[in-house]
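The chain below stands alone and is given in structure tokens; this is the form predicted alone.
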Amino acid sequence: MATMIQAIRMALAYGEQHLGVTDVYGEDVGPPLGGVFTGSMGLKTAWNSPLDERGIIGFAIGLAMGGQKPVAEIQFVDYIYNTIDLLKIAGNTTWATAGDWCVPMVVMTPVGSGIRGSIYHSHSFDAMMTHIPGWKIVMPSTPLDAYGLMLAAIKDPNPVMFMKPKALLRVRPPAEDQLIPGEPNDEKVLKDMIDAPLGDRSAWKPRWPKLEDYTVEIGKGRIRRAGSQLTVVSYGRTLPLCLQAANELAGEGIEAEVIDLRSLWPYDWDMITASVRKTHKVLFVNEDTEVTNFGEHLVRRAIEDFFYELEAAPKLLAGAHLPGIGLADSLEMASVPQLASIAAAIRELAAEVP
């Protein structure tokens, strides 16, 4: 089965072939590298931009308003912060022009911890991005969802921020997940078809599978595990950890329902509502810093909507409020939620009685 980065690359190839993608670009996005995580390797429309994040975002706005369909990459989200005013312009253009101008651009960028990237390559962007109205925002946790969300992003007339959790980009999907439509069953065959060899790549060309359309609707979550005692809502890197913790705690008699949000805006409040009204307890988990966290918004809404139905206060488990993440394994693991801390939070919430 494809890894997430292979799934993203196949989605972009499908976008070139069938959805009118005109430019996939950014720093080191074109040949020979094809992106630092190989997300654009072998794409026909991929090209290298200057090392200029403002230029990358500004050019994408211009291309989109000019009728093109760009997919721009910011190499690491840590370097997107100097484009905030341009992201705001992209987000408010349709509103400001009363619908006369749409901005159908996709910005993809790797986010989060998990690769020992230290203080300059480990930032999250969840809360900051949800503060910019006008954007749709997605973050997958499986290759199939990455493929479907990328196609949805390409098709959307609005600007879409596609956040790629770095720690999951080269991880194989869970066994129960489905193949990407058109993907060969043998992962070695797929690698031979779409992964460039080491060394000289000047004559190499990918052999794309006969990929099919598959769209994950932006704004729709996914129940990854059914449960009856409490609800755990997560996305991105922490979602597989929440799922693993819930499966292990089932042996202790704790039945947690795990929701993969997949989209941060819009988000699936209907799914959260149905789950919390069943379990009467909810834990939100992500790795962004805990102060002014996106999960805090969800906690606030849970209190407002379910105050008289909750059997315990909603909880948030998030990253520590630190200027950055250290390089050492121990520092990184202490900075953001891990399996043990997630399991402890679930166990503690399950034990609370009204």
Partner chain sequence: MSKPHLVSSKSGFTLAPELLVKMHDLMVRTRSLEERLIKMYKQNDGFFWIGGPGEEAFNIPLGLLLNKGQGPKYDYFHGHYRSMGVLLTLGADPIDALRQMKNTASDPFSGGRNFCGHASIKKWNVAPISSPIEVQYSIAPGTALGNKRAGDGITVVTGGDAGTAEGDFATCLVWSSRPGNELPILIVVTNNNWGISTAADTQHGDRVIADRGKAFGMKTMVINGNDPQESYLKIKEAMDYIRKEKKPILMEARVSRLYGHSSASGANFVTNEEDPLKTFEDRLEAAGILSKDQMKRIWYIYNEQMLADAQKVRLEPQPSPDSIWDHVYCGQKGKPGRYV
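Computed from a predicted structure; not experimentally measured. Numbering follows the first chain given and starts at 1.
Keep in mind that the form predicted together with the partner chain is missing from the display, and what follows is about it.
Visitor: Among 66-74, 28-36, 281-289, 313-321, which stretch sits within 4.5 Å of the partner chain in the model of the complex, heavy atoms only?
Guide: Only one stretch passes the 4.5 Å heavy-atom test: 66-74.
Visitor: With a cut-off of 4.5 Å between heavy atoms, is residue 222 one of the residues that contacts the partner chain in the model of the complex?
Guide: No, residue 222 is distant from the partner.
Visitor: Is there a non-hydrogen atom of residue 200 within 4.5 angstroms of a non-hydrogen atom of the partner chain in the model of the complex?
Guide: No, no contact at 4.5 Å.
Visitor: Is residue 99 close enough to touch the partner chain in the model of the complex, meaning at least one heavy atom pair within 4.5 Å?
Guide: Within the cut-off, so yes.
Visitor: Verify the contact flag for residue 56: yes if a non-hydrogen atom of it lies within 4.5 Å of a non-hydrogen atom of the partner chain in the model of the complex, no if not.
Guide: Contact check for residue 56: yes, within 4.5 Å of the partner chain in the model of the complex.
Visitor: Can you work out whether the partner chain is within 4.5 angstroms of a heavy atom in all three of 134, 297 and 304 in the model of the complex?
Guide: The answer is yes: all three residues contact the partner (heavy atom, 4.5 Å cut-off).
Visitor: Heavy atom within 4.5 Å of the partner chain in the model of the complex: which of 93, 273, 229, 130 fits that? Just give me the one.
Guide: The residue in contact is 93.
Visitor: Counting only non-hydrogen atoms and a 4.5 Å cut-off, give the residues of 22-45 close to the partner chain in the model of the complex.
Guide: Contacts from 22-45: 22, 23, 25.
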